[in-house]
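A single chain, nothing else alongside it, follows as structure tokens in the form predicted alone.
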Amino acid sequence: MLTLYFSPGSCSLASLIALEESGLPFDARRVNFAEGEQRSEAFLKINPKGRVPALVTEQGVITETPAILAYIAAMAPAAKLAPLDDPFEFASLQSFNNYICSTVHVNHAHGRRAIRWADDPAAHEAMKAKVPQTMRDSFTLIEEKLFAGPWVMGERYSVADPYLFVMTDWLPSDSVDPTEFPKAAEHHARMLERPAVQRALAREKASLR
């Protein structure tokens, strides 16, 4: 049985959606960030990075969203969540997911965790002020160059779609109107219609009670 450690509102939602899509049996356990559970001795034994998502498998723990998404796709080939039979297409999917991880998510984090990069309060404010621009720049690239449509990779839904969905969902909190990017906004609305997405969101909500 797989166990996903997640926190509502975080990027772990992408992995939660992918698991719901996969049909694989899994358990989901909330890490309470408000109470600092991510820094607890018990959780640090699972993920020394003190972050989510973390996926516990029979072979060990996998961390980092792109790796978890690729693993889920590989473990559930019948769900066709990645072009596993085409090395170039699979690498293209990985390229997209790694851009989300290394650039888009980091842009977003500068508005909330600037302390990771500087100690000066003035620098924190400067980083926060830059977030709307960097998020717009990233989504302009996605909209114009990286998004094939109607799904990230084209006609075939993949584990890249939940990852983009999460980033689009964060845009309003970064002072960016998602309607500035019609393809991404339409994709977000299309994602909300998927039963797996609805189940994942319901699971997040239930964990907060």
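Being a predicted model, the structure only gives us computed values, none of them experimental. Note that residue numbering begins at 1 and tracks the sequence as displayed.
As for the form predicted in complex with a small molecule, it is not shown, yet the points below apply to it.
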Name the stretch: of 136-144, 176-184, 151-159, 50-58, exactly one has residues whose heavy atoms fall within 4.5 Å of the small molecule in the predicted complex.
-> 50-58
Scan Val131, Ala114, Cys101, Ala76 and let me know which has any heavy atom within 4.5 Å of the small molecule in the predicted complex.
-> Cys101
Contact test, all of Asn107, Phe165 and Arg190, partner the small molecule in the predicted complex, heavy atom 4.5 Å | no
Verify the contact flag for Ala200: yes if a non-hydrogen atom of it lies within 4.5 Å of a non-hydrogen atom of the small molecule in the predicted complex, no if not.
-> no
Heavy atom of Glu64 within 4.5 Å of the small molecule in the predicted complex = yes
Hey, in the predicted complex, does Phe33 get a heavy atom within 4.5 angstroms of the small molecule?
-> yes
Verify the contact flag for Cys11: yes if a non-hydrogen atom of it lies within 4.5 Å of a non-hydrogen atom of the small molecule in the predicted complex, no if not.
-> yes
